[in-house]
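This document contains two forms of one protein chain, each encoded as structure tokens and listed individually as structure 1 and structure 2.
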Structure 1
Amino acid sequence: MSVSRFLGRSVLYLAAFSAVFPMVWTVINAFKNRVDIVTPTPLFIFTPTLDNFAYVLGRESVATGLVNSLIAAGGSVLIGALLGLPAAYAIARYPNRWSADIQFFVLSLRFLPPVAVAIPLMVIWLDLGFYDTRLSLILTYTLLTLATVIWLGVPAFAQVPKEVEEAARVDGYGPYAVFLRVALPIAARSLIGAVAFAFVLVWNEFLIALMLTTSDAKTLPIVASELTQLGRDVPWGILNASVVLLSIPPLLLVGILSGLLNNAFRRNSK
């Protein structure tokens, strides 16, 4: 093995370890008692406990936050996909002099700091009487999901061969049929990644939810942040358990979407 190849693999292994180890350590600490976590020497052999998970799952606020997060993230992703995918296809297939400006504007929505979006919207929702509601969260998160879906959807549709769409038009397909029955299935793999990425973004979003909710519509990240206490008696086991539980829904979504996509490709290849 050459020196350059060895160095390249070493860098890759180090990067993979740096990404995976914190997640593994979080899962391990979720099964520890606090006394086993705060020891000066890290413990790899310990008596596991489920008390941390029982405490988190036993709180009514966690169940409410989970429902709020599912509704807010799911609703915003659904609206973002319904509006963003046709918009991305139109930008990719029917370019005009405004296409570049539209893409830049959509991308610029991701450049804005969350507080720049949250403060004006907080005033708007207060005036309309929608502050601290799921509806306000869904509409606000839709700005994020719509920008993400369009941003990632344009290159996905641009890679669809134009010859395939032209052949579909020759067969009598109209514009909507070409989009739904030709372009959408071909670009499905990239588009599913875009939708999953949008879901993860809004699922983990913290600052906007913190500013737009107080009690009724608090999402799971806000509830998880309230499980801690200031000072030296930080419940590290409970915090790690809440992080593990918070990570499960996005992982399930990615797994389900990947399974559906793989099954679809297997059926098409037969």
Structure 2
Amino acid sequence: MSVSRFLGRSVLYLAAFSAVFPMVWTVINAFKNRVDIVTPTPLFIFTPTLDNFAYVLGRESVATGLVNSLIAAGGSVLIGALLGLPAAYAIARYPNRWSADIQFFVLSLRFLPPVAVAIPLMVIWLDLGFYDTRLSLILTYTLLTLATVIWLGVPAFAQVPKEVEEAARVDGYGPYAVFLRVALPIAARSLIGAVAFAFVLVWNEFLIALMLTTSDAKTLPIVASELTQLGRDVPWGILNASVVLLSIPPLLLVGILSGLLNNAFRRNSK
């Protein structure tokens, strides 16, 4: 019995190690000089340097990419939340004969291959003169954030005890006040998770940004991927540093997202 326990735990530790080590190794490499990276044997002991981060942060393309990413992700998440949360509430609390169809429609947007959306949109934005602008990127990403917020928001609102809302109604709250003052605050924790998830989704988005931007509106993933495509004398340290920079915002949200997961399953087990 204890042998299988030992084996089982070893596999788990190994899996956990594999989950984190690649990123840790990248962070380590981001502090290395090029000569310490291009060694026949991987080095664990070396003199750390901040040059890579200084170079990455000092580059104009990275700074622009960062600003573009923040605006595109921030803007689309804001619109997605402002319009998506009320819609999710309406679906959860005022079911009608189309509710199932609406939910299926929102889900089915996820079936669309991104390339199938990006190609025609590129042509449309080109024709309208909005190609390679942040505005077109925000609008396109709204398709992602809005659908995600609605999809994850419906169960979050359904979780709010109906009795609380009834009580507020008895106290004279109108339907809009019930939403704003009662349902929204009670469901807040799950809803923050849903919004955070939508943010990570568009922050990480690559294909659409690649097709809809060429220079002005390029987002950080595109800039980072361009760095990774450099020729033979690859500046590995700089690459590692830019990947670390790109990965920080999603990693900061890992706690919130695991909370969302926990909430979702606590509801089911009730």
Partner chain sequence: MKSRTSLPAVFLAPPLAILAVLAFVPTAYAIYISFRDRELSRPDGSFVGLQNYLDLFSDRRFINAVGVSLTWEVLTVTLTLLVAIALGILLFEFASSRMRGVMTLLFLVPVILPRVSAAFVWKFAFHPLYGIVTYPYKAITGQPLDLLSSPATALMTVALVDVWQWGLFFAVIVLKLLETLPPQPFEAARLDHARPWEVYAYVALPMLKAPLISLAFIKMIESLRAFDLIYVMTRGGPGIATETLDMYAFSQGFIESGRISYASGMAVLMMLATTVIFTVIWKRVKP
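The first residue in the sequence of structure 1 is number 1, and each one after it adds one. Rigid core here is just the name for the largest C-alpha set that superposes within 1.5 Å across the two forms. What you see is a predicted model, and the numbers here were worked out from it, not measured in a lab.
The form predicted together with its partner chain corresponds to structure 2; structure 1 is the other form. In this overlay on the rigid core, T214 has a C-alpha that sits less than 2 Å away from its partner position between the two structures.
After superposing the rigid core, the C-alpha of I37 moves by 2 Å or more between the two structures. The two forms line up on their rigid core, and F17 then has its Cα shifted by 2.3 Å between the two structures.
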